[in-house]
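Heads up, the chain below is alone and in the form predicted on its own; it's given as structure tokens.
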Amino acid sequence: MDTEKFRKIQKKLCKKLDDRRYQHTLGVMYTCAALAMAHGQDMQKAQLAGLLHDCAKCIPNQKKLKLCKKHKIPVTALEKKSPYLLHAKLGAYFARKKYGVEDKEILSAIRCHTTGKREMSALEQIVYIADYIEPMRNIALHLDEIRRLAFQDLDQCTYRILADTLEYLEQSPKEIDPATRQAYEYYKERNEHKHG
């Protein structure tokens, strides 16, 4: 993607997000670029996925549900109860329809950045991790260790984030998306296999 097109997307997105969310988005975008460099991945794809990962975040929850219905985006029972989770699915839809992104891997990275999933590609892991560790984030457990791991081993880092996320969610009244549990089981096994 040429620089001009990227700038146009950035300008358009800036009007759709509140200031705090836009600053977070820029943090994720730059973190994605740094992780892509560290792991030999396509930096432009990572930046674009990072830039658009939350493009549907500032839509009110009830409107998210209406938009999913209108555009025939499947909604699970859990998402009906917790519509804030829909910003990832809706974001992938908007990235394609409103921002002209056709790359399937970028769209998939946006779609799974909240819950994670089994067998994520390197790009999907980069967006998932960057969303968790970008510089403005400061309350997650073991953040220093996770930030260090992010530049060393994507699988191990993904596993640590999923483990901490599940631990946090199990102590809160929020229901856990099955995709997060499945991702955790998958990366736990992968991590044990790799590191004994």
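Start at 1 and count along the sequence shown; that's the residue number. The structure presented is a predicted model; accordingly, all values stated were derived computationally and were not measured.
One more form of this protein exists, namely the form predicted in complex with a small molecule; it is left out here, but the text below deals with it.
- Only one listed stretch (101-109, 85-93, 69-77, 117-125) carries heavy atoms within 4.5 Å of the small molecule in the predicted bound form, and that stretch is 85-93.
- The closest non-hydrogen atom of Ile176 lies within 4.5 Å of the small molecule in the predicted bound form.
- Interface residue remark: Asp131 is counted as part of the site for the small molecule in the predicted bound form, having a heavy atom within 4.5 Å.
- Within this chain, Tyr168 lines the site of the small molecule in the predicted bound form, having a heavy atom no more than 4.5 Å away.
- At least one heavy atom of Thr180 is located within 4.5 Å of the small molecule in the predicted bound form.
- For the residues Lys64, Lys57, Lys45, Arg160, the 4.5 Å heavy atom test against the small molecule in the predicted bound form is passed only by Lys57.
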